[in-house]
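What follows is a single chain, given as structure tokens, in the form predicted alone.
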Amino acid sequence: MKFHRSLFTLMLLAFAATGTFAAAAGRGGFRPGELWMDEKGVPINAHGGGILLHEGVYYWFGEHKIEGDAGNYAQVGVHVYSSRDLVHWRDGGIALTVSDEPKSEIAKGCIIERPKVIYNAKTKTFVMWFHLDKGRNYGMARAALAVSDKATGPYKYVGSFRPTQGVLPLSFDSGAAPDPDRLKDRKQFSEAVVAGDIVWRDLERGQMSRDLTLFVDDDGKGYLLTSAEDNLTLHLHELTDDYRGFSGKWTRIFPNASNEAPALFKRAGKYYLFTSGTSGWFPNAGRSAMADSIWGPWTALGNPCRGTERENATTFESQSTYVLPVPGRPGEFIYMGDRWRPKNAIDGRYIWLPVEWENNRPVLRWHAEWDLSVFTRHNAFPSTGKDLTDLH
């Protein structure tokens, strides 16, 4: 639904005055798709976000949006909130601020998407990566870096990169001659992508990076997983020990399958992925995958959603952004997604759902209201997909 600026603002003021906000979190739980307030009663503004747990505190980083179409561009920066229970959030302000200098890479009006932060214990610094671009065609396709010695920032912008310049991926046939002309031929295009012609095309300037996420494994190794090759193939890059660069070790995942919005997590020694298809701002059917090694091979598991035909086709009208391990419940996770509203970007909503498991496969069901106590039931959810209110 499109809201005019005045109508949206008046609605917020009226709800605040009467105390009738339908908050996305309350009574210790979550209400996906409804407005979610911080401790001051202001809607949380952290879209395309991710969570960092550090010293018992959860930090939620996300894109700060403003009203209207202009909110699809970075007018303010990256917002951060903190919480100890994942339900009640304190506003930590703007962690990374856009620049007023027109020549800056992060000048006001640029594209800053899907900021993720990880902590490096060796350097005692917080490391943020995000997708940086300018213009509607997303032609830069760069991974950008900012760092801070405090979780909430301020973060200092370091620069942007096309990953792994001049380095071919693992298990790549370097002897196969690239044929750039095949990319111009519709009949040969798919074959060309799978064979790696886009990898060769981008070899010297570095590979593309758009939708991305970060992951730190049990051994402390850090990884950046990103949509590359014109959003046709996922690339997994191992980070350097300080998480500020790329080691040069990388691999391709699902060539020519058109995946974006990756969310990577690990359970019982196996690696799992949630992704989406590529349909712009419009939601599509979610995807999932599994691997015994982070380097693959990866096995597609299909759509993780278990709902109505429409819910399955739109991932409950959301797109994945992160998968959060549940505190004190090893092997349990929360799906974090965004319900984008590009005509009025600030009104985008958050979809958090418990991840369930069927035959070691992650699945999602809609729950209009739920709380962390669901995980004490060992995922004993009904197969009907009823709301959690029906379980009490």
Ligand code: DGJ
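Throughout, we count residues from 1 along the sequence that is shown. Predicted model, so just to flag it, every value in this text is computed and none were measured.
The next section is about a form of this same protein that is not shown, the form predicted in complex with the ligand.
Q: Which one, Gly280, Gly269, Pro102, Gly175, lies within 4.5 Å of the ligand in the predicted bound form by heavy atoms?
A: When the ligand is considered in the predicted bound form, the option within 4.5 Å is Gly280.
Q: Under a 4.5 angstroms heavy atom criterion, identify the one residue in Glu113, Asp91, Glu311, Asp230 near the ligand in the predicted bound form.
A: By the 4.5 Å heavy-atom cutoff, the listed residue in contact is Glu113.
Q: Given the stretches 280-288, 197-205, 164-172, 102-110, which is the single one in contact with the ligand in the predicted bound form, using a heavy atom cutoff of 4.5 Å?
A: Answer to the contact question: 280-288.
Q: With heavy atoms only and a cut-off of 4.5 Å, decide whether Gln319 touches the ligand in the predicted bound form.
A: Residue-level check for Gln319: yes, a contact with the ligand.
Q: With a 4.5 Å heavy atom cut-off, would you call Trp295 a contact of the ligand in the predicted bound form?
A: It does not: once the ligand is placed as it appears in the predicted bound form, Trp295 has no heavy atom within 4.5 Å of it.
Q: Please determine whether Tyr138 contacts the ligand in the predicted bound form, using a 4.5 Å cut-off between heavy atoms.
A: Judged by the heavy-atom cut-off of 4.5 Å, Tyr138 is in contact with the ligand in the predicted bound form.
Q: Scan 200-215 and note down the residues that get a heavy atom within 4.5 Å of the ligand in the predicted bound form; none is a fine answer too.
A: The stretch 200-215, when checked against the ligand in the predicted bound form, contributes only Asp211 at the 4.5 Å heavy-atom cut-off.
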